[in-house]
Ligand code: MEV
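This document starts with one chain, in the form predicted alone, laid out as structure tokens.
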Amino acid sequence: MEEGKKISGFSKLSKTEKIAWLAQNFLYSNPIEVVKDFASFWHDNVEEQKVFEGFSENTVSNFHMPFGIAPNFLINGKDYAVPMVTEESSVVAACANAAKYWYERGGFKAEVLNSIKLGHVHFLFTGDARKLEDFFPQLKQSLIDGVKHITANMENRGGGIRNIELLNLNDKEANLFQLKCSFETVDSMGANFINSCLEAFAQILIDEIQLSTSFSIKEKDVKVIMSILSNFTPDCIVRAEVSCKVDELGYFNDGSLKPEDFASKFATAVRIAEIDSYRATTHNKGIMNGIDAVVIATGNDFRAIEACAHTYAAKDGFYKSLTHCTIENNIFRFYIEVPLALGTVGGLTGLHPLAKKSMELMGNPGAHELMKIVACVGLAQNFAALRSLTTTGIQAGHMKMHLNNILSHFHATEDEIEKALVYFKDKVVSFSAVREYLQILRTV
């Protein structure tokens, strides 16, 4: 039986010691070479490396991702060069291409419809629900007053608690109740602020019911299950759109596809994603290709944004497209409504050197402006994908980038790359086909 590999005190080891242990127990390589491999991705600046290591635990190296720029975004009359962090081929190129296309047609228009974020205190109450409901107005004021020390600074910036509701969930789970709490966190994502308020609410809830004469001894036995923000923020919504006359869309497929035919195909493609969840999943994944890339570049939480967007896409009981298209009175309109709980102060946004540079590139936007930018990028990404799908097909652009990746894998020279790009211009790209072509080149 193989000796176990359980270790105690791993977090207390130095980076070099952690890597050496990995080499001995999992990589089975020369420890010195393994340390060199991992160390080659450490930041040259020791202080900067310490900053990166502070973001997570048990770090042994840095994982690099491409940092790209999508220029030519015209949003509400203002120019932007948008930073995007992604490893997927053709995402940045497609987004930039769509931005340039719409720049020449008036650009993007965007507005924040609301920016409310939510959190909940989940608790069990076995007493008379009517008593709790009658007591709630008094409790609500106590909750608000009881966290003034937490909300004061946020209120000075224009944020704070917006509402607290009592929800009876007994029809779903016996004795379960919920405090549904709404917050405005201005330019911060607000997770720590919201959770601090919620945990204080939980204690105030217990204390106030204990002190009240409205409840029996048994009814005062309130059990708080948990206090936590929700990443589903259906009232933190931004809308972005593009529009133009149908004939201004231009011709496609070397002039064979007329503007009106393209508009009709495009609108039908969007409609398919509105009614077919199989298509909607891939459709929305493409939108998130753009959104996530900017969210990561700015140090925001792309996992929370992803979860919220997909939940929002299913809010009507079935999963559907986040984008929509209309053709009315000869006007083509393509738009998105998406929840984006983003922050521009605090967290990784203010710590990661490239996140700070990303914000600077976009003019150091506030949260509302960043919401607009990110929504426009998601819309641009979706437009680019649907334009390809309804015209040349998605593989034409994607496989060109894929070809570059394969050539890089085979360490192709500049001369070989140039010849391969010409050779595969009208041929199917595959790993084996590129390998065979390079073998022929290298034997000549």
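Since the model is a prediction, treat every value here as computed from it, not as a measurement. Counting begins at 1, following the sequence as shown.
Just so you know, the form predicted in complex with the named molecule exists too; it's not on screen, but the next bit is about it.
Among 274-282, 218-226, 170-178, 234-242, the region lying within 4.5 Å of the named molecule in the predicted complex by heavy atom distance: Going by heavy atoms within 4.5 Å, the stretch is 274-282.
In the predicted complex, V51 touching the named molecule (heavy atom, 4.5 Å): Contact check for V51: no, nothing within 4.5 Å of the named molecule in the predicted complex.
L403, heavy atom within 4.5 angstroms of the named molecule in the predicted complex: No, no contact at 4.5 Å.
Heavy atom of A385 within 4.5 Å of the named molecule in the predicted complex: Yes, contact at 4.5 Å.
Any non-hydrogen atom of T323 within 4.5 angstroms of the named molecule in the predicted complex: The answer is no: T323 has no heavy atom within 4.5 Å of the named molecule.
Among the candidates E88, D134, E248, E360, the residue which, in the predicted complex, approaches the named molecule to within 4.5 Å (heavy atoms): Of E88, D134, E248, E360, the residue with a heavy atom within 4.5 Å of the named molecule in the predicted complex is E88.
Sole residue of L389, M65, I417, A39 within 4.5 Å of the named molecule in the predicted complex, by heavy atom: Contact with the named molecule in the predicted complex is made by L389 alone.
In the predicted complex: members of 285-301 within 4.5 Å of the named molecule, any heavy atom: Contacting residues: K285, G286, N289.
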